[in-house]
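What follows is one chain in structure tokens, specifically the form predicted on its own.
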Amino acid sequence: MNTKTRRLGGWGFESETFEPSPQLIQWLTENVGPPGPALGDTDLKIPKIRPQTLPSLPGEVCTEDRDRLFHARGQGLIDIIRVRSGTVSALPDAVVRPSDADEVIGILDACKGSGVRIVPWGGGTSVTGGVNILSGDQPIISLDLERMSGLIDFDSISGLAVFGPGTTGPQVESALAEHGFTLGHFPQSWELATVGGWAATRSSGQESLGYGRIEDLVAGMDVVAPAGRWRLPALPGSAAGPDLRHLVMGSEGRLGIITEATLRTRQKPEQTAVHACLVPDLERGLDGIRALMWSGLPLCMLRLSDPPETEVAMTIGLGASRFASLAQRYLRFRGIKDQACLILVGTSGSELEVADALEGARNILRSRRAVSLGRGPGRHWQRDRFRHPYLREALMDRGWATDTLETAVPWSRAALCRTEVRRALETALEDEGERTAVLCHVSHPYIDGTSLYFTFFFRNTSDPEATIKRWARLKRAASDALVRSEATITHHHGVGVWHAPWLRNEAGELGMKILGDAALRMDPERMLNPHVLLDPTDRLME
């Protein structure tokens, strides 16, 4: 277990903060408007919701109010607003912590026929409502898997490592480092999220270009469901029918509880380096990223920021250096004023391998009129990449709300998709006289397309419900724009509850029936997380 204290009503650990710079405050004032009312956590309230009677359960069972509140919501923007404002409408009736798969089986068996609903909990970092406790008449338990953590077995010849589902990112890397290996899976939630949560939501790490998404890293799993125990063996490849591991990955606990995961690891590289440059505009940036993907260079990360995000990055320090300032002046001299885009190129290996890969990348980007910024901005990004989520609460305390969403789309539609989503977000609150500022970057490119990751800012109101209503309008507008753009409703955040109404557009009517049939087979009583994936109800305000 992590010895740091998790923050209630905010991201991460109580000892960590990431304060906005004066330059960012000025940028928000100019682009969003003066700050609205602050929404601090000084008046944090724990609603008094009496637990219902539960059957006798194995494992550690806790009904303490603060523990129940901590497990009532995930880490989405409105989750934080509800916890801070004391408007959480439902709590789990208990938090249950099993120590092994046998206790998980015992918990499921004890709950059969009782009407109890079970919400699996890994790190609780869901930003899609995936772990939220929703109001209803049935008793609900949060199944916290933190006691089922750690390295269970390691095969150094094959590079296969078996971990418990509650193992966090730092625990994974620490255990593997003792053997000279790494998983290389670094989502922004890395410090908090768990192996089971990664697999259950089809997570993607910031270095997925080099190491792969979680579905590439999971070799096998053990799953416990109300219908029984299911072992999916670790094999390097198989033609024995459809790959059923992919049925579990992305199921968000709806089909069963992951009790073990066998992961593909690699020897830890000597070094990882990130080089930065500026390209004149987004068109050249997208073309450059696509060319790098097609080049076959051994890169582990590519990130392209659009002009607004580049402006913010330069303003708050990512590119704030004398050389970056000179590069911007040089671009202006060439007639490029406000459209420059920041590119970060990462690679891992020996000193020689890193140097060769970065030189190859620079050559490709030079043909797109890129200006090099060196490794300084990359080191800055590496230092702060897991601290960026802390900025959300710091801005909330100052009167602005911020959230993110992401998608993936073929290269031929990437620019149009960005335009459509930006327009949807920027205009969603116009009838209230409110502005929304939107940033976008590419962070997970593929041979055939890329992810697009959006960050948007708007003002708080004095009423938490009104702020949540603003967020819901923005979320609906952006989700509808993604569907119109024929893009995925989610690239790596999962479906949860909030994306479920749009899943049918992507999976199709028959696909939804197949998922429903699988859920019915694995969980005939709908005990497990019944509102994720398959419930089309719009629950954005809950």
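Because the structure is a prediction, the values reported are computed rather than measured. In this text, residue numbers run from 1 along the sequence as written.
Although it is not shown, the form predicted together with a small molecule is what the next lines describe.
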{"query": "Stretch in contact in the model of the complex with the small molecule, which is absent here, among 195-203, 408-416, 108-116, 282-290 (heavy atoms within 4.5 Å)", "finding": "195-203"}
{"query": "E252 within 4.5 Å of the small molecule in the model of the complex, heavy atoms", "finding": "yes"}
{"query": "4.5 Å heavy atom contact, S305 and the small molecule in the model of the complex", "finding": "no"}
{"query": "Close approach of A401 to the small molecule in the model of the complex, 4.5 Å, heavy atom", "finding": "no"}
{"query": "4.5 Å heavy atom contact, R68 and the small molecule in the model of the complex", "finding": "no"}
{"query": "Heavy atom within 4.5 Å of the small molecule in the model of the complex - the one residue of A276, L145, A161, C341 that qualifies", "finding": "L145"}
{"query": "The unique member of S99, Q382, T87, Q188 whose heavy atoms fall within 4.5 Å of the small molecule in the model of the complex", "finding": "Q188"}
